[in-house]
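Take a look at this single chain, the form predicted on its own, given in structure tokens.
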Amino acid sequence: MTKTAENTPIPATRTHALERLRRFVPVAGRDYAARRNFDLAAQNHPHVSGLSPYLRHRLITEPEVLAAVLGRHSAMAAEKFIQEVVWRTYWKGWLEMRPQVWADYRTGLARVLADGRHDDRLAAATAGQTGIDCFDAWMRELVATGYLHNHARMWMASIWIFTLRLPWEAGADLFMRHLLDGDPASNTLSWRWVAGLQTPGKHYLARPNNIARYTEGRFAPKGLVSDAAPLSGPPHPPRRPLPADARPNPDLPTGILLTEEDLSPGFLFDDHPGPILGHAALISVAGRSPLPVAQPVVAFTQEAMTDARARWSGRMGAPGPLSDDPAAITAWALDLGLTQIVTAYAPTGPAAHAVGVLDAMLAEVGIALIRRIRPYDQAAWPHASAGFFRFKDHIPTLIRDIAPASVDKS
């Protein structure tokens, strides 16, 4: 578990996610639109949902959240919140068509870490010792709670890049190591957007008056850069085709594999009437960074996976290992006599890399790894080929068939 600004534990469970959703739904409409940009850490961020760590691991799914909100508000009234939910979807689809961007980020990060020229200034920034009051406070909040308000993330990234003049890759890595909702697509592409790399030539500069307004006077920072050119970089790589959904053979001895990317596996059983002999979980949280990942992030991820296994144990057969070692999963599958393993598709990032290593090991011993793509992702990702505003045009179609009945039964 980690803690909020009020030092109360945040359980990594679906039950807690559903309770947070229940409490938030009444204010997800015009109240959210009016107050969502206020960063009020001392009040424990009362105007946002707090659902992002649960959505990131899919302890609760996007259709469930959207269905609950649309059951109380019209799409027009809840427009801002709906857009916030599908931003994450958009980023995932965009990166899935351009995985080289993630690879380039990791290459750039390795270069920064090996360089050493920025070490002292990186250490000061990471310790919250820059002398910029808002930045240092946000750094302390990030480390203590595993959370930052989205507006604070934008301000912090901007100060990091343009005022402190630190490599954006190191800042993105800092967030990945400490955020409970650290997501390869959302985090990497958001940092690139602030820097001016994602939408070339368009960057984001943190303004003291904006910070003062949306922190209700808590901060009025001095010394921030008021004018800076966006960073430059290579053009976006060519898009690759989106992956195709794979289907299991219901007659074969089958196991289920969970990863931290999707802990609501109910859709895996929709067209699989055959018996499931067992399940295992492949954890890849350490792969989020070449540096040590914060213990609260590791603990949250492990607890979330344990919670999912307990909830679905009646459908997934005998429990196997929860391991970060693909070889251990392969040995388990051989011992159980499996000929196929079914898993939710893991989009670009550390989990996808770990699943790829496992796939190769399983193939060597004649076991197929079947990666199922969630219908929501199949419907949304093809529209993430360009900018978000084009993607936004498809939101009405995306939510048209979402109804309260879409709540995942577990």
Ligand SMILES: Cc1cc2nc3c(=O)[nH]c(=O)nc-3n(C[C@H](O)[C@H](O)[C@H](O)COP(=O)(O)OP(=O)(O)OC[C@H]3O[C@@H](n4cnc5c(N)ncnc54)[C@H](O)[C@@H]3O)c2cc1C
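These figures come from a predicted structure and were not determined experimentally. The first residue of the shown sequence is 1; numbering continues from there.
There is another form of this protein, the form predicted in complex with the named molecule, and it is not shown here; the text below is about that form.
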item: Non-hydrogen atom contact Ser49 with the named molecule in the predicted bound form at 4.5 angstroms; value: yes
item: 4.5 Å heavy atom contact, Asp183 and the named molecule in the predicted bound form; value: yes
item: Residue contact check: Thr339 to the named molecule in the predicted bound form, 4.5 Å heavy atom; value: no
item: His149 within 4.5 Å of the named molecule in the predicted bound form, heavy atoms; value: yes
item: Selected contact from Leu258, Leu95, Leu179, Ala206, since only one has a non-hydrogen atom within 4.5 angstroms of the named molecule in the predicted bound form; value: Leu179
item: Sole residue of Glu216, Asp136, Glu84, Asp325 within 4.5 Å of the named molecule in the predicted bound form, by heavy atom; value: Glu84
item: Residue stretch of 379-387, 52-60, 340-348, 364-372 approaching the named molecule in the predicted bound form, non-hydrogen atom distance within 4.5 Å; value: 52-60
item: Complete contact of Gln100, Arg106 and Trp168 with the named molecule in the predicted bound form (any heavy atom, 4.5 Å); value: no
item: Partner contacts in the predicted bound form for 207-231 (non-hydrogen atom within 4.5 angstroms of the named molecule); value: none
